[in-house]
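Form predicted on its own, single chain, as C-alpha cells, below.
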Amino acid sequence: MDSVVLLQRQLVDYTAQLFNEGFLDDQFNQLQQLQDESNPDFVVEVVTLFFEDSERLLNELAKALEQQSIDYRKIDAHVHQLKGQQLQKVCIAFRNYCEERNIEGCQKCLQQVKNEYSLVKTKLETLFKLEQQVLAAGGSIPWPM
C-alpha cells in the first residue's frame, strides 16, 4: 500500500482514538471547519494558544498555592478557567478543596491537572506530527474525520 495512504490511515485511526478517549470533541471539529487554504495552520495556532494559556494558568495556580497566606478565592477563579471533559472531575474536586481551604487537597488536584495537561499536550502534538508527515509525503489531510 502507498506510504501516503498508510500515513493517512494512521492519522484517521489516531484521531478516532482521541475522540473515543475524550481528548477530542465537537469543538475540535468546529475548529477544523474554520481552517481553510487561506489559514492552513489555524487549528495548530489555536491549540498552541490553548497550551500557552494553560501553562500560564498552571504556573499561577502553583504560585498561589505556595503563598504564606493562600487566597482560595483566587485559586478557585483560576480553576474555574480550566476547561475540558478530561478535567471536569478533578476541577470539581479542586474547587471543593478550595471551599474547604484544604491545601493538601488543592496541591494533589494541581498535580492531577498538570499530569492531565501533559497527557493532552503529548497526544495533540502527536496528532499534529502525523498531519505534518502526511503533508510532507505529498498527501492531504482527510478532514473532517
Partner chain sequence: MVGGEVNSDGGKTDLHVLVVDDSTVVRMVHRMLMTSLGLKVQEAKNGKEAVDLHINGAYFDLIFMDMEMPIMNGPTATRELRAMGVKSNIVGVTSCTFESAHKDFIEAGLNHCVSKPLTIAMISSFLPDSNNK
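Residue numbers count along the first chain shown, from 1. Just so you know, these numbers come straight off a predicted model, no measurement behind them.
Unshown form predicted together with the partner chain; subsequent notes refer to it.
*Using a 4.5 Å heavy atom cut-off, indicate which stretch of 26 to 34, 113 to 121, 64 to 72, 99 to 107 touches the partner chain in the model of the complex.*
So the stretch in question is 26 to 34.
*Though only this chain appears here, would residue 45 touch the partner chain in the model of the complex if you measure heavy atom gaps against 4.5 Å?*
Judged by the heavy-atom cut-off of 4.5 Å, residue 45 is in contact with the partner chain in the model of the complex.
*With the cut-off set at 4.5 Å between non-hydrogen atoms, does residue 81 touch the partner chain in the model of the complex?*
Yes, residue 81 lies within 4.5 Å of the partner chain in the model of the complex.
*Evaluate residue 59 for contact with the partner chain in the model of the complex, applying a 4.5 angstroms cut-off between non-hydrogen atoms, and reply yes or no.*
No, residue 59 stays farther than 4.5 Å from the partner chain in the model of the complex.
*Heavy atom contacts to the partner chain in the model of the complex at 4.5 Å, residues of 50 to 76 in sequence order*: Heavy-atom contacts to the partner chain in the model of the complex: 50, 53.
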